[in-house]
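Just one chain follows, in the form predicted alone, and it is written as structure tokens.
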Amino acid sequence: MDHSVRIALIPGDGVGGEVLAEALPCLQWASGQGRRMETIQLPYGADHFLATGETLPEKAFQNLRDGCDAILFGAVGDPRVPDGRHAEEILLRLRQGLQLTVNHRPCLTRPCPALEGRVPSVDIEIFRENTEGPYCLQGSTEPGRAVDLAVHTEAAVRRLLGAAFQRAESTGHSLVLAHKANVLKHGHGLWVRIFEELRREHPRVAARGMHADALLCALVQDPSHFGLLAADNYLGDLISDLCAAYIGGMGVAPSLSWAPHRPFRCEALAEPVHGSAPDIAGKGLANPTGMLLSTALLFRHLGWEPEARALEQAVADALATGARTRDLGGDLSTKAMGRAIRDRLP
């Protein structure tokens, strides 16, 4: 992007603000490399909801949609809002309202002495549909009966699978579709039909479908056989969390959601895979690595490839030299880990 980029910052709840704080100096560093940007911080989360009753007001959403290029997001979820309605209305509104169909979750092993010999080396990328499936929040509860509907539209499925095939073609990796079309004949049948259409259009990609239960078993036995994995919202969530275990856990797992058809100015949202972790909030125990790697994914999406590579290399160098938070068996605080990574930026 040649114009000045406007990035909205939403810390959210729990450790979200702590890890986002470690990403802000990375934005400043990129600015020092000549990238033109401005940031705005927004208050939406549990504190704001409990004080005002607002989740994400319509005017604020419209300003995000039309006045920002991307969002850097912490996490949402707070035990003071036990039904989680503020979290649903904020995060799902952003994903669905901005049509952020593609959720990209790379799981790449980086040298880390604490993990050597414990987990296999992997280079897996998950492409998860981000707006539909069972997470569309359409359902009902009745006496003795509860229903959650799963909605799959051809437009969203085609956008997600199109992005996955394009990525597979550019990297040379194989592509596997996770599905349960043998049982879910309508919804997942749609996935298989579109997957087969795109497979014929991309003959250079080694692509195949697998029943999701068999795929999970194979991932546990030997994940090195897999490159790109594509799935609906629900299966993609489960698969990406399993793959995160191979790279050190949820604290180091990044993600980027985007709208490949670019319906609005705001077309991307970067966030770590982990949640708000209210049990450790405010204690300096959160791992900021997933947030910083998510920031690198956002840099790459904006076309800032040198900055993206430099930040990813800084993470790799820090881990390789033994920098790690408690979840990785170390003793660095959130701030100290963020500093250890940023100190290795050029």
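In this text, all values refer to a predicted model and were calculated from it rather than measured experimentally. One rule holds for the numbers: they count along the sequence shown, beginning at 1.
Only in words, not in the display: the form predicted together with a small molecule, which the text now covers.
The listed set Ala60, Leu42, Ile280, Leu302 contains one residue whose heavy atoms approach the small molecule in the model of the complex to within 4.5 Å, identified as Ile280.
The candidate spot formed by Pro106, Asp123 and Thr171 lies out of contact with the small molecule in the model of the complex, as no residue has a heavy atom within 4.5 Å of it.
Heavy atoms within 4.5 Å of the small molecule in the model of the complex are found in one stretch of 23-31, 303-311, 62-70, 282-290, which is 282-290. In the model of the complex, no heavy atom of Ser240 sits within 4.5 Å of the small molecule. By the criterion of a heavy atom within 4.5 Å, His274 is counted among the residues contacting the small molecule in the model of the complex.
Looking at Met250, you'd find a heavy atom of it within 4.5 angstroms of the small molecule in the model of the complex.
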